[in-house]
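There is one chain below, alone, in structure tokens, taken in the form predicted alone.
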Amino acid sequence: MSAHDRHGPLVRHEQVHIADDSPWKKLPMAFGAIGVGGLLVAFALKGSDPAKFWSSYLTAVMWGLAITLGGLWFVIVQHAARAGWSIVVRRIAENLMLALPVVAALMLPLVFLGTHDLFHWSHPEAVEHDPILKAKAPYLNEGQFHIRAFVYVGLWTAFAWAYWRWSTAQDTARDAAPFSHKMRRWAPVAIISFALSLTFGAFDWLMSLDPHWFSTIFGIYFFAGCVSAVAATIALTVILLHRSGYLRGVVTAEHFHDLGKMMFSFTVFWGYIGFSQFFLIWYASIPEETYWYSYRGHGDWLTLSLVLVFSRFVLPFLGIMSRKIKRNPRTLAFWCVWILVAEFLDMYWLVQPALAHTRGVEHIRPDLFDVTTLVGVGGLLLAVFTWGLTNRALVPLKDPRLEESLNHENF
């Protein structure tokens, strides 16, 4: 029998359930309308420049995937590690994970309708006269590309839905232990499936934009951004909920400290992976590898490259290092927003130069496609996320280790 069975509930109802008259209850519908509207406008304008539309669309979807895939990773790794500190913030990650099937499904229109506009390897005449593309054709072909996309979306949807359903069902179960055992038992399988699908998804949808270039650690590069982005999103969400009167006394400075440490550590990890990738390619000086960096080193793309280094690594490294900053909601919220914006810049830097290079453009000209696709994807992500927040408890109420999480302290 758990501690909250013996002594009553560990948290009060009003701390972890959003009231029916709260403005939070209106957010799912509002965000849903904004998201649908943004995508409708974007698709309506698509005919003016299909390639630029799909490039902006891919940037926005990969940014949304970074956050929601990060949510799935956070949930399964906490179960695998039997972590106690994270239980009071795990439901936030579970609701981000709940949005993953929607965001992942948004990739399918691009896979089936935008392939020829973005991916050079999808043109048979290009493959015929290119020995490198011929060698890669058994993997980079439209049939395999479509099948793999369904596999990725299917795996992510299955694990996201299963873990969210098991966790929320545990809240009302008479015996919570079987749900905890089930989630922990499936965690290693989920982690292996996640690692492989995320890596090959990054290869397919980002790296193959320039099919002559390759990097064996590119999937890890994308993964590092996923983790820092989800830690920032969780912390920012809790800070906003605190301001509305929820989760006070449940999520404390101790939990903010740990989320801040995760943001900091994966900022460093992102910098390490990014530098390792660049340094090895620069040192080897193989033309088909170096030119990927070469056209990101001219014109406005060089400026963006330098901005990315400072915004994604140097400034967050210095800014989040302090213990006081990680434990202060105001300063932590600033860096949460910063990291989420920097993650979008990273996706922009990965996607947009490939199209600009084929057109011989060295100038960055953000346009309506960049705005409408981001609003559309972000709106749908937030609609599902806030629906989860407002329709279930904000913490796993009957997790056997909830009391441990409530009493968590850093040393």
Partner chain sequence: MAKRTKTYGLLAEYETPAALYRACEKVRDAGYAAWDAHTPFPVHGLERAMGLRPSIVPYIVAVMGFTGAGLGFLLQYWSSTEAYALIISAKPYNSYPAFVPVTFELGILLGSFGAVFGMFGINRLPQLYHSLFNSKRFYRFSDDRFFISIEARDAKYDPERTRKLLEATGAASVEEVED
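Positions refer to the first chain, counted from 1. From a predicted model like this one, the values you see are computed outputs, not experimental measurements.
What comes next is about the form predicted together with its partner chain, which is not displayed.
Not displayed here, its partner chain is approached by K324 to within 4.5 Å at the level of heavy atoms in the predicted complex. Though the partner is left out of this view, F179 does not reach within 4.5 Å of its partner chain in the predicted complex, counting heavy atoms only. When its partner chain is considered in the predicted complex, Y221 lies well away from it, no heavy atom lying within 4.5 Å. Its partner chain is not drawn, but in the predicted complex it has a heavy atom within 4.5 Å of F278. Here the chain stands by itself, but in the predicted complex one stretch of 136 to 144, 182 to 190, 150 to 158, 316 to 324, 316 to 324, has heavy atoms within 4.5 Å of its partner chain. This chain lacks the partner; the member of W282, F310, F112, F334 within 4.5 angstroms of its partner chain in the predicted complex by a non-hydrogen atom is W282.
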